[in-house]
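Alright, here's a single protein chain in two forms, structure 1 and structure 2, each given by itself as structure tokens.
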Structure 1
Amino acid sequence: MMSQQSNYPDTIKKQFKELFNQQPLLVRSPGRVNLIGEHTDYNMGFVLPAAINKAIYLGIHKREDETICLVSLDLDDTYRTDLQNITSSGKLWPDYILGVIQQFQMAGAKFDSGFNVIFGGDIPTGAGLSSSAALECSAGFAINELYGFGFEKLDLVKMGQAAENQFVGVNCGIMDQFASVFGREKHLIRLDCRSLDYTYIPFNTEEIEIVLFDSKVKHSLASSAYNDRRAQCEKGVKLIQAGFPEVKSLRDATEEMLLNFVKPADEETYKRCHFIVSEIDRLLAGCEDLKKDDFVSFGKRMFETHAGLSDLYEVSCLELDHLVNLVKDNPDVLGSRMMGGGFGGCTINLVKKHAVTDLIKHVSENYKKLTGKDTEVIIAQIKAGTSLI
């Protein structure tokens, strides 16, 4: 993996010259963090993501024939197919791009030729920063530009999500692709997952850093538990519908409805639904905090989110809990929580800038003692979304 993000565009240009004797169109598409609002997306609630300073860089150029040639710099691997034969590669990494090509074809786009792609990036895989969404969005944006198809940004977001759902087979919500494409420097995106309306919320503090501690764990529980939680949320909605048929998702539910219809029927389902309903409220209140630059109040909500994810939604794990416990009594850490689907990945922390170096040392040493694992540290800065370089 290359260390300097700025190397990628130069390396891609150089490789294009050597392999294809072409000058590529270059696109950057970022990974994302989500400040608050976890597991709310598939319950039609709100999320609060931002694009970050880790990205996929992708070069593209047309060919004379109908061949699709894809080159991954980081994996040192090449995959070839042709426009008329877009099927699963059996390798996974090409599928994120092939799924996007298929989405263009299904939307009626007519390719007049095949193309070459070379890509690489500095988004750590498995850390929950959505490297896959960044790859889908970079491919969609690049294809749209190269062929002049004229699709809107939201179309490209939906194509990326559909590629992952239908072609790769991961049932993700729309947040990751949306954040990658619509990101704005020094702003979070308050995204309504039902209507897809969005508002930019300023996050331009100079005194606070967003520090990610990667647990370096990915438990196999994650995907099955994710599907179980979705099913429990749907069950909760069905129980509520006995008294309130108009409730279509937990977005529409209140705590009173949960107490009357869900808790008497199923205690575990109640715990899951209670977390989601309170998390949606927490996010909306947190946005009001940020409008007042009240990072202390916002940070407290992040700690509350982690407690809920750990105790009520039960998607944390020992390693993530350790990472939060190691910072929770530190006055220089305003907020901390696990981020993403759960059972591994990162914690996201709001840390006073002057304290970052000492905190990293403290967490790294103690996490190693507790788990025997090293944590990788990422300082995430909030950057703009997908664009041409």
Structure 2
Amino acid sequence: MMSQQSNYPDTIKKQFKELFNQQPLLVRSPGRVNLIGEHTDYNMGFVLPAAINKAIYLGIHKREDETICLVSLDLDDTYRTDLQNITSSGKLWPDYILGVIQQFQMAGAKFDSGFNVIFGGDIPTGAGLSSSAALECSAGFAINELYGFGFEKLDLVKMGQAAENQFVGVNCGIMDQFASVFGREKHLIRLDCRSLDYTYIPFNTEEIEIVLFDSKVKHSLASSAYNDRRAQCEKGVKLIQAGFPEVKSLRDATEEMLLNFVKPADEETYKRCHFIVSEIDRLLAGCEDLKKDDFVSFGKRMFETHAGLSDLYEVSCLELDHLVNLVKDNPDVLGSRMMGGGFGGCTINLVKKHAVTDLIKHVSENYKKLTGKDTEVIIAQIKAGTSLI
């Protein structure tokens, strides 16, 4: 993988010239962090993500024929197919782009030619930073621009999510694609995943850094477990509907409903649903903390989220638990928790700036002792969402 993100646009241009003798349209689409509100998006709750300084860079140009030619710089791999034959590639990475092409076709968009794509990026894959959503959104944005299809930003978000659901087969919610496209520099996005209303919350504190510790446990095997969790949430809703038919998602559910209808029927489903209902409340309370700049209270809620994800929702793993335990008694760490779908990937930590260097040393050394693995550290900065370069 290339080390300097700024090199990607230049490299892509150079490769386009060499391979296709063309000058591409260039798009940047970022990965994301999520401060609080995990697994709430597909339960129609709220999330609090932000786009970051790690991104996919994608170049695109039309061809004379109907071929789709996709080049991954980082994997040093090429995949070719035909516009009229968009089917699963048999390897994962092209599917994120092919799934998006299929969404355009299903929406009635008429491609007047095939195209070439070259892309790469510095979002670590399988780290819970949404490299796949960033790839989907970069492809959607680029195709929309190149062919002048005129879809809105929200359409592109939905197409990215639908590609992941229908083509890749992960039943993800809308958070990652939304954050990638709608990110704003130095702001969090408070997204209501039911109405899709959103507000930007300033996050421009000088005293706090967002530090990510990558467990280096890849979460690639997690998609079936992710889909299972989603199915359990839906099962909980069905059980509640026996008494409250108007409840459409866990967003509408109360703890009392869970105790009356879900717990007696299925303890495990209850644990999952209990986490979600409390996580939605936690996020709302966390947003009140942010209004008062009370990062101490906000951080405590992040630790609570981690405990819930680990014990109730059961999407953490030993390594992620170690990373949280290693920082939890440090007064300069305001909050820490696993982030994203789970089963690996990163923890997100709110850390007082002056303490960051010592903390990194402490965590790196002890994580190695505990797991034999090297953690990779990312200081996340909050940046703008998908755009042309």
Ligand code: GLA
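Just so we're on the same page, residue numbers count up from 1 along structure 1's sequence. Nothing here was measured: the structure is a model prediction, and the numbers come from that model. We call the rigid core whatever largest set of C-alpha positions still superposes within 1.5 Å between the two forms.
Only structure 1 comes from the form predicted on its own. The two forms, fitted on the rigid core, differ between structure 1 and structure 2 by less than 2 Å at the CA of residue 200. With the core held fixed, residue 145 shows a CA shift below 2 Å between structure 1 and structure 2. Core-superposed comparison between structure 1 and structure 2: the CA of residue 187 stays below a 2 Å shift. Once the core of the two forms is superposed, the Cα of residue 241 has moved 2.8 Å between structure 1 and structure 2.
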